[in-house]
Structures are given as C-alpha cells and as structure tokens.
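What follows is a single chain, given as structure tokens, in the form predicted on its own.
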C-alpha cells in the first residue's frame, strides 16, 4: 500500500474536469485507489465520489493505492497532482 499527501494547487480545487481526468487515470490500473480528505475516504472510480469531498484549492488530500501495480499508479497519479492539475 502506498499513501501520498498532496496540497491542491489549483485555485478552483477539484471540479468536474480534473476529477474526470483523475477517474480515467485510476481506472487504468488494477490497484484499488482511494482519495481521503479529513476522515472521509472515497474510491477513485466515480466522478461523484470525488466531487462529494468538496476539495478546494489549498487543502491537503491523501491518495491511497493498493494492489499489484500500485507503484505505477503512484507515479502517474503523482504526475497528475504535481503537474497536470494546475493546467486543468
């Protein structure tokens, strides 16, 4: 299991466009991926799951990856949060 924390760098937070992109990325891996904000954890298999967390810019979230390709998933999801999110 790999857990990584990220600060949301997009001023708009996690709205529909980046949330959709994140779901597409997560579905490309066999590992179970989850997103955690505070005490609430949701699976990264649904846009509505992500939007239900109401993630705003500047907030810290955790991504949990667990499975056979968790290292690959961690690399791709890290790229999303550190580079791609700013552009969406």
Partner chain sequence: MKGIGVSPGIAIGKAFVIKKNAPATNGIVLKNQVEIVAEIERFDISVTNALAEIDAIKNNSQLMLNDDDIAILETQVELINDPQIREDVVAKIEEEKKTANDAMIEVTAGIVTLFESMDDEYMRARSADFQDIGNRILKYINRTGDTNNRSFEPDTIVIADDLTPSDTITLDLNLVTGFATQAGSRTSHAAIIAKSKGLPAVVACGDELMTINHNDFIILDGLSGSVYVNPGEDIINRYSAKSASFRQQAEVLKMVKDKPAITADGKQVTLLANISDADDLTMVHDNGGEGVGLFRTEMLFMDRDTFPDEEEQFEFYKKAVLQAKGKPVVIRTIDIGGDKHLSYFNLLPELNPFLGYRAIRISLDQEGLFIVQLKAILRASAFGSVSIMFPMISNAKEIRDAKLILNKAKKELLEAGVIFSNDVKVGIMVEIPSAAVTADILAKEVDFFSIGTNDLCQYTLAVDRMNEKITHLYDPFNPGVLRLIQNIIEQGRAHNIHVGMCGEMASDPLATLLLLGMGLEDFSMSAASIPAIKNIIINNSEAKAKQICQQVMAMDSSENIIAYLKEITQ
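Values in this document were obtained by computation on a predicted structure and should not be read as measured data. Numbering follows the first chain given and starts at 1.
Here the subject shifts to the form predicted in complex with its partner chain, a form of this protein not shown in this document.
Q: Wondering, does residue 27 line up within 4.5 Å of its partner chain in the predicted bound form on heavy atoms?
A: Judged by the heavy-atom cut-off of 4.5 Å, residue 27 is in contact with its partner chain in the predicted bound form.
Q: Any of the heavy atoms of residue 77 lying within 4.5 Å of its partner chain in the predicted bound form?
A: Contact with its partner chain, no.
Q: Taking heavy atoms only, is residue 86 within 4.5 angstroms of its partner chain in the predicted bound form?
A: Looking in the predicted bound form, residue contacts with its partner chain include residue 86, since a heavy atom lies within 4.5 Å.
Q: Hey, in the predicted bound form, is residue 14 touching its partner chain, heavy atoms inside 4.5 Å?
A: Residue 14 belongs to the contact set for its partner chain.
Q: Would all three of 23, 48 and 58 be in contact with its partner chain in the predicted bound form, where contact means some heavy atom lies within 4.5 Å?
A: Affirmative, all three are within 4.5 Å.
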